[in-house]
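One chain is shown next in structure tokens, namely the form predicted on its own.
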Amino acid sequence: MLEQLLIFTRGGLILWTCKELGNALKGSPIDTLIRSCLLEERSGAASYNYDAPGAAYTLKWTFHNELGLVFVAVYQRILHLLYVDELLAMAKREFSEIYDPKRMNYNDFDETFRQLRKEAEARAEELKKSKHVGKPVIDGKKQGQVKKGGFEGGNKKKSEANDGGDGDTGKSYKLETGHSNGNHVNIEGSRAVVANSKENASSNVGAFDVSKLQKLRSKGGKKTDTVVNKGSNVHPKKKITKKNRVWDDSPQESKLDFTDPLEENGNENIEVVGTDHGESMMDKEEIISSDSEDESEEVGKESKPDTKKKGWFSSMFQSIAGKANLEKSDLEPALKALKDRLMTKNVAEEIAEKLCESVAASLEGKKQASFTRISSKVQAAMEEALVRILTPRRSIDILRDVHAAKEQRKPYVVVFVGVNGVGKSTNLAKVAYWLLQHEISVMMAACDTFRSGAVEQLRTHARRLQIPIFEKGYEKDPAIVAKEAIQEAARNGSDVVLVDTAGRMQDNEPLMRALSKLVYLNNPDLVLFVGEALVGNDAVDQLSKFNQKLADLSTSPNPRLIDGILLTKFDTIDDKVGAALSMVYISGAPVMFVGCGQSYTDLKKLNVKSIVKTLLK
């Protein structure tokens, strides 16, 4: 049963709701749809699933772009209503005929919708009946074949199972024996057939000759014995050391080890980096040139369709008068060129496709203005969509949040998570350097108790920056180490605790479970995902699975997910900036830091205009 149908404007004004349905929806599915799907450029999707306590809804929608209207239908997910798409299309057609921007009351649409709903339900029932009428005859024939085969013997049954292309014979046979229906049963049947065929084959060929196996073993034993004996007689050779190359004009080097000498107490002589080493790029404004070159012309060239060219007069007349309404076929060439361009900039294919679908949904049905090309209209819509996605939905001012936590006399905790080798420890040190420049006391917590050398690496950064570090060595529970570090920071009056964690692949469940425990036990103020700017399609897999594992493995009813993203190695990608878009789109978390070098000052903010310009260039 349909739960609700709403018609509202893109500005959020509700024009009409179905009073006949009048069902009180649990939770807020419409608000969630607008916030999570329509505003996030995911409107190209077919449907949206919303889970509320005690209810699970499916929402479907359609747009009237020319009038700026949105039609949304809500129904229980378990019902699988077949007529919803048709009902939305009919409601859109009928309501657009009576719509007036100055009018606010549409009570007369109630009777129209009642008729439309009856028509849609009647068609769905007819379609369902027509499917049921044709099915029993086919099933009866196939069941008869199977029963017949069942009495004739096992070999006949096997041949029928192998000959059946669609596997329905195996399915009906399993239903008679009491097993569940579906693909699973069919797979089991095929496995049984394979097993039986293997047994028959082995019986026909004959048993394996044991004497051959014994001969092979004896040969192998002799060979190993001879090798051992030879090894015992040969004296160990001296290790050959590599000699330094001596050039004609250069003096001979006495050593190749250029590591820093140790002090008298055994500690390494590490250079101390003060806060006056240089201003962090986080505090510098990036200047972007405003000239847009001839980008729209390039898109226009790429998006020319291969179909028959129009005449000069017709194309001139269309550019002057404009087209009545844009159709999907008109947008496809420009959207395909734009999708290819995004993918060359390292945007994941799935994300590029969804963005193009969303832009098509927002433009379809709109009137094309005079003297405008479809390619330039598509590019403008895509630019708006990209800016909307990359612009953070909430404040990402960490300094303000740190001062707010300081007033409450508790440390501000940041946890750095991510896959192996992306630069978590290095960029943690960059963030620490930036905070020190703003006169904020920082403590590092070495919670990577898994990788060899991780604690020593963080200790080196702490010595160079002259900040305290909390460490407990290796093979300890990182969640407990982080908790003790936060308690130590509260005692010492440190403003911020930066927690370093071990790199882990998104499919490694034991390590993901340990990370989920760390986040749940310590409840950090910020969970930062550190990802490479070099990554392409894998960005979607990494972030979605990190979020999924954090949610699934947490014991809290409201699990913590990723709050922000730190992009590393941004200086190595030239114009392949698509990873930023892929990560933000899939997680909804903003890019808070961008690592762009190897020194402590090489940390900056993400410039949204620059990224959008590069993506569409």
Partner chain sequence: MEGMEQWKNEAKQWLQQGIEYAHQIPPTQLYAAATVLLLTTLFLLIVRLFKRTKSNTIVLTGLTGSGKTVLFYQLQDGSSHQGTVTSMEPNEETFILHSESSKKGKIKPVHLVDVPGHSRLRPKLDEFLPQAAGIVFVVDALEFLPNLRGVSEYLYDILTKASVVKRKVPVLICCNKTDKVTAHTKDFIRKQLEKEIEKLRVSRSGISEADVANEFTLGIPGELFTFSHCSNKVTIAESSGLTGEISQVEQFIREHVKP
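Quick caveat: nothing in here was measured; it's all calculated off a predicted structure. Numbering follows the first chain given and starts at 1.
Keep in mind that the form predicted together with its partner chain is not shown, yet the notes after this line are about it.
Among heavy atoms of Asp31, some come within 4.5 Å of its partner chain in the predicted complex.
In the predicted complex, its partner chain stays beyond 4.5 Å of every heavy atom belonging to Lys354. Contact check for His438: a heavy atom falls within 4.5 Å of its partner chain in the predicted complex. Its partner chain is not drawn, but in the predicted complex it has a heavy atom within 4.5 Å of Leu390. Within 4.5 Å of its partner chain in the predicted complex, a heavy atom is found for none of Glu3, Phe416 and Phe450. With the partner removed from view, the residue among Leu38, Leu561, Leu553, Ala55 that has a non-hydrogen atom within 4.5 Å of its partner chain in the predicted complex turns out to be Leu38. Listed residues Glu456, Asp397, Glu125, Glu509 were compared with its partner chain in the predicted complex; Asp397 is the one with a heavy atom within 4.5 Å. Residue heavy atoms within 4.5 Å of its partner chain in the predicted complex occur in exactly one stretch of 491 to 499, 467 to 475, 332 to 340, 99 to 107, and that stretch is 99 to 107. Counting a residue when any of its non-hydrogen atoms is within 4.5 Å of its partner chain in the predicted complex, there are no hits in 514 to 545.
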